[in-house]
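One chain comes next, on its own, written as structure tokens: the form predicted on its own.
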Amino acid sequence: MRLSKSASDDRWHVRPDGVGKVTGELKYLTDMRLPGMLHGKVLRSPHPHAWILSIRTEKASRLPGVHAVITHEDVPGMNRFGIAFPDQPALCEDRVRYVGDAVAAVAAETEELAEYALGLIEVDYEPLPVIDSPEAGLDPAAPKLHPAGNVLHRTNYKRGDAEEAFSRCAYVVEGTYETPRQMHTYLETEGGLFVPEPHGRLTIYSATQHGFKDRMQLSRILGMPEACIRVVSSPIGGSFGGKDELNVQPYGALLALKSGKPVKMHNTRKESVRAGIKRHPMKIRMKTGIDGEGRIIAHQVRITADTGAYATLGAPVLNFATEHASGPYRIGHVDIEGISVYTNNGVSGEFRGFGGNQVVFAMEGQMDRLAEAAGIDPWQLRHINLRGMGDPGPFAQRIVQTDGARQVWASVAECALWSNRHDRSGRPEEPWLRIGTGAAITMHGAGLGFGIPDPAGGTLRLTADGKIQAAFGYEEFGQGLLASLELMLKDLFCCAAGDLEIVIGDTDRVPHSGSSTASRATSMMWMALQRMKGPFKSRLLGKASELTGLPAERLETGPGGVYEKGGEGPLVTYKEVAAACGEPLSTHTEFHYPTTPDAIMGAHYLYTYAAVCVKVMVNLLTGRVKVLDQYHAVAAGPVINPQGYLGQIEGGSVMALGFTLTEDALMDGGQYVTKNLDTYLIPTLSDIHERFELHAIEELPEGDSFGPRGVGEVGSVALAPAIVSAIHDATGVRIAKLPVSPEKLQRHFARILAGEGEEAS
């Protein structure tokens, strides 16, 4: 269906946290304050790479109003963190590896005093050679940033004999594609409130995408049992993957425990830019060949990722990029290698799309180049090679079959935007303005993949005050999880929103449901509720049967309580049922995210498909590109929350617009050139599309038991190749490096305007 407010009728649901957000009444975790709280600040390295010779904190410690100064000597447990591979020091002992590295931290009575105290901490450094690129890191003469060297992770996937197959190709194209270091630029920068509690407990109010994983890591750092740490982690003012790793939590926790007082920490935007993780910059070389009928028969890929100073999720990101580097295509002979390299640049990590955006940009660029070489319509070339029902996944693994690839392809093929792409009427008369249309397609895996613990679960409970309580360990960071859950519960119980109580983001109150990442939360909530609804409703109606004297088969849940089927009012309220139960009526489930039965590390089982068509206007004088129109087709199963679904795809496309046209956190010699948002251009209202249409394809094969797939990432993946394809359609210039540089385009356009012809970039 065409997803819009008018097409959604009463399912166009105002999110329960919406009013608070637009009025400013909602309190984020960084809004919290307590009487007598202190303010924490972190001293970070000025050098991208250096030995620490000495740290002297006496002057700062003696300052009146300073209650705690900490260094690595104050870390009682393991001085390392990292979700997948803990190699990042909470506080550096003897060496700094990037300009965001933390060396010391202070808690003082005011923020200004804490900042002043940082200036009194004396640190002697001995600068070391700086590795400012993966190529420099791979130089045999380069210093080792970590004991095992400068290679974090390698991937290798081969199928068939690509080298031999290239010799049989009618057309072969080669390209090197480069993608930028994109920032998450969430509205709420990293921060929180850290509160020592009686009996040695510690409560942490701080944004994360996985409270239980934070608790586990903090337990190791603090040398405390996990049960002594409570993590409250919602609501969050945006994350997009940027807050999945620990950020300020180690310092806030250590300062609170040392001072014995609540400590508030909140990064400035400048500090967030300096210390926060970014999207992995990648350089991707591809060589792809087709036969005379347009079938891809050979595909070679070499991926180099700059993971920065520490691992974070660099290895899984490279795994994901390797898996998705062949796109949604049948290819007989594949040869993919990837390498993720430590450098002294800013730390790279998890980001919406998880490595898919980079390689899909490259793969779809290859498809356009092949189509041009062979004289085949580019969308038809994709159709010739598209995977179909029954085909295995990119690693030849068994996957849940849908016809999503062909459905989204057909949707774009039939849309007016693509069908009219050759219609030049109505184009601007100004000779320096050109209009073009482009399209791209992708498949995107959800969940963490084979071999990685990916637990799920949830709890339903009838509370003493008569609320149907749903508790999940997920986080609301702006994606609309609360609205989706509310809609699912209303559908299950035909109840009113006022009958519900949703509990999320509090490790003391929710079960371990896994992380709110990898486009998995909606799917896992739906699957959990499918498991719990039967037992919960059976017990609830059974108790209502005892109270009413009617058989349970004649009863049903509804607004306010339990009804006789077809009745106009509740026979018994939920509160009356709860009172009769004596002890809380509850149901719980635990299960694992569905994974492929084939033992291939990181390989996915559930996929979402998307195709994008865009129209752009290119100004040959300024080199600026304006996206005028977008058409998205997404095959992700049933739409649970129309407004949230549309919001995810539209928001993801705006984020991808920045990735394509303007965003790059520039670095030089290990130092950020981009130090704040004043020199980092994210799209604003004036930059986004004038028109936007979304076709949500809900059909799933008969018997599919996996329900709705997540759409949190897929809206951001295929836009970049569609835009650069449209730029080529408009001007004849091919782009291989993002963001698209107006200056570089201008140089090409100068030749076009001078009548010297067009050339590829």
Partner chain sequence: MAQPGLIYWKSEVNGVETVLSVSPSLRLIDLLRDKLELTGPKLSCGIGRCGACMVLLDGKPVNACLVMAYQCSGKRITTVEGISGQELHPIQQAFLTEGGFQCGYCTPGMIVTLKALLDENPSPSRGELEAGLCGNLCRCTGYGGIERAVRQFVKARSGTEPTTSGELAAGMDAH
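Quick caveat, the model's predicted, so the values are computed rather than measured. Numbering follows the first chain given and starts at 1.
One more form of this protein exists, namely the form predicted in complex with its partner chain; it is left out here, but the text below deals with it.
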Contact between F240 and its partner chain in the model of the complex at 4.5 Å, heavy atoms? yes
Taking its partner chain as it sits in the model of the complex, is E546 in contact with it (heavy atom to heavy atom, 4.5 Å or less)? no
Please check if G294 has a heavy atom lying within 4.5 Å of any heavy atom of its partner chain in the model of the complex. no
Should E73 be counted as a contact of its partner chain in the model of the complex, where contact means heavy atoms within 4.5 Å? no
State the residue from I688, L621, L138, A580 whose non-hydrogen atoms include one within 4.5 Å of its partner chain in the model of the complex. I688
Contact residue in the model of the complex, chosen from Y609, Y574, F477, Y342 - any heavy atom within 4.5 Å of its partner chain: F477
377-385, 265-273, 558-566, 157-165: which one contacts its partner chain in the model of the complex at 4.5 Å, heavy atom to heavy atom? 265-273
Residue by residue through 12-26, which ones have a non-hydrogen atom no more than 4.5 angstroms from its partner chain in the model of the complex? W12, V14, R15, G18, V19, K21, V22, T23, G24, E25, L26
